[in-house]
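The chain below stands alone, shown as structure tokens; this is the form predicted alone.
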Amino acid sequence: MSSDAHVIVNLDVPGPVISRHLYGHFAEHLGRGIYEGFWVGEDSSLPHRDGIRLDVVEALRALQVPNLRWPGGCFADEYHWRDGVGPREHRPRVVNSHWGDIVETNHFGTHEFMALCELLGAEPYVNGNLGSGTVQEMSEWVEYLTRADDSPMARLRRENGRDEPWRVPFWGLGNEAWGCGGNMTPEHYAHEARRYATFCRDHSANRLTRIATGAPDDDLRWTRALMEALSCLGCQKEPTNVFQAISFHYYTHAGEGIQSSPARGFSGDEFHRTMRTALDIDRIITAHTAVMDAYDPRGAVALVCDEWGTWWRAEEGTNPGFLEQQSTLRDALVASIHFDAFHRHAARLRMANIAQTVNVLQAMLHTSADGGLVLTPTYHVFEMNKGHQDATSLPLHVLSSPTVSVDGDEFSAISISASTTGSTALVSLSNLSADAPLPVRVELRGRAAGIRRARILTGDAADAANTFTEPTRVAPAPFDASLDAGALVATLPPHSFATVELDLA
């Protein structure tokens, strides 16, 4: 195998558009994700807008967050939306049995979430309660949010202070029905999804994308059952337009399963096992896509990965049920691997949501009650990659690459993707080796190109992280990349991620 990576990018051959919604986020009522993360309350001394923490909003606006999923997750299937509307002092307290067994105040509810989305410039993805709720309850929530006339729920919304309806484009029909959402079989849930979706109406000018909850990882039984609820195998008919998307969830770990190993202090082999697990996302998307193609060859139904990311043991000294973990360069590379796969599968995969946005799992931001805020390495991958949003993917071919070996398996040391907006292109590259630099030569074919900007994200160790005392230990820096006879030439340090922005002639 070659000692360097040799790649061809065809700048003049357009692929599918990379939906900006592949860069979506997730905020669950879990630990300090909502409370102390997004929401500090109207009595807080920290800068806020009606209780929403403004430095968090400002940091996330720089990512161009396209959509935000809420209120769960597992919490969604025990959440009753009427508990979270009306005067806060009258809202009932409930037990959050999934995450820490704590008392939930319901101070952050529907109106607060919609205000947060407006501040972020993000489209709301509301996840309804199919597990412990009723069809009527979910139907009325849609009406409350989106109906413009004097219907009962529209009147209730006005009584609670909001005259005009909101636009809610994305609607989840429960969450993880195979587990915390009801321990259902695929066939039973498929019937329930059809029933609930039927009564989630398109009110006024609002049009819902109804998202059926699907598989854990590569459990294709769920995708098959849901597609059979919409279409017939090989009949070439358009799928029944009951729900418009199917989701799946995939979490990355170091080989032993989620919550099994620490976020820091890992070995080189543990780093490489994590890269191997992250790379498996490509196989899983391919498998779900193959099932969907058989029932829906024209691609009417979208595939959605609305929970993804790393899941390590909780930080020592924190509530284990709050899922707080440090984010390192290893996590950043897991994100870059996922985005490269998402770009390759953009024809069918049209939305994804990292778990989660603030203080939980693979977070963008860590906050403290005294006003501290840290941008994680994963945050920087999102920021460096935001030029891919709504861009046209470009086909590429890895002709040769060094490989990484772990436990007798081998995988390529390079992960790469590229896109164009017409006059510009963005190339994203990752070195998945923990200890070896990676010389790269990327032939740019079809159009003349010049380098506008090149940046790199790396550090002195694979478990380097940003903390409140060292907030910029891992941050983007200028990258030494050049053009040689129409080829992009650079050397990626170990455990690094880089982006190169190109001007095209």
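The numbering used is simple: start at 1 and walk along the sequence shown. From a predicted model like this one, the values you see are computed outputs, not experimental measurements.
The following text describes the form predicted together with a small molecule, which does not appear among the structures shown.
Between 312 to 320, 290 to 298, 330 to 338, 67 to 75, the stretch whose residues reach within 4.5 angstroms of the small molecule in the model of the complex through a non-hydrogen atom is 67 to 75. Mapping the unseen interface onto this chain, I34 falls outside it, with no heavy atom inside 4.5 Å of the small molecule in the model of the complex. The small molecule is not drawn, but in the model of the complex it has a heavy atom within 4.5 Å of E307. Although the partner is absent from this view, F26 contacts the small molecule in the model of the complex, with a non-hydrogen atom inside 4.5 angstroms. Contact annotation: R350 falls outside 4.5 Å of the small molecule in the model of the complex, judged by heavy atom distances.
Proximity to the small molecule in the model of the complex, defined as a heavy atom within 4.5 Å, singles out one entry of A355, L130, A418, A278, which is A355. N175 is the sole member of N359, N431, T378, N175 with a non-hydrogen atom lying within 4.5 angstroms of the small molecule in the model of the complex.
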